[in-house]
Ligand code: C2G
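A single chain comes next, written as structure tokens; it is the form predicted on its own.
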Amino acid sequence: MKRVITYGTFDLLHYGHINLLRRAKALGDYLIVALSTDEFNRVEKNKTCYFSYEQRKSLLEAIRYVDLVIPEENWEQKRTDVKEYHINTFVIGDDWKGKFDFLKEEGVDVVYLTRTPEISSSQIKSDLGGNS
């Protein structure tokens, strides 16, 4: 079984997220989503989410492409996750291009997927008058 993992906040879930998850799942048999916790978003990413971790987790679990949702609590856990979950492919948006190439040292394929250009959670929040 080929295992794929991706990471993100997935706040204000939209079709760009669905595109990413669909394309990530197509790269393997089992998709794990490491979902940023509220504390990690607040402290490390300087983000405030509209939906809580539990709400975002429930939304992701309802998506047919997602097999398992785990918490992302720090930047460093990626190396540990790929070993613990026997990951074959690490997938993330191309706005992170090159940042996770170090995972190749763990024997993992690293794939940067093109983002859906016309949509982003930050843009939605901005359009609605909030912050990102």
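One-based numbering along the sequence shown. These figures come from a predicted structure and were not determined experimentally.
Keep in mind the form predicted together with the ligand is missing from the figure; the text below concerns it.
J.: Residue 50 near the ligand in the model of the complex, any heavy atom under 4.5 Å?
T.: Heavy-atom contact with the ligand at 4.5 Å: absent for residue 50.
J.: Is there any non-hydrogen atom of residue 28 lying within 4.5 Å of the ligand in the model of the complex?
T.: Heavy-atom contact with the ligand at 4.5 Å: absent for residue 28.
J.: Residue 22 near the ligand in the model of the complex, any heavy atom under 4.5 Å?
T.: Heavy-atom contact with the ligand at 4.5 Å: absent for residue 22.
J.: Please run the contact check for residue 57 against the ligand in the model of the complex: heavy atoms, 4.5 angstroms, yes or no?
T.: Result no; residue 57 lies far from the ligand in the model of the complex.
J.: Picking from 81 to 89, 61 to 69, 101 to 109, 42 to 50, which part of the chain touches the ligand in the model of the complex when contact means heavy atoms within 4.5 Å?
T.: It is 42 to 50 that comes within 4.5 Å of the partner.
J.: Quick one: which residues from 81 to 96 get a non-hydrogen atom within 4.5 Å of the ligand in the model of the complex?
T.: Going through 81 to 96 in order - heavy atoms within 4.5 Å of the ligand in the model of the complex - the hits are 92, 93, 95, 96.
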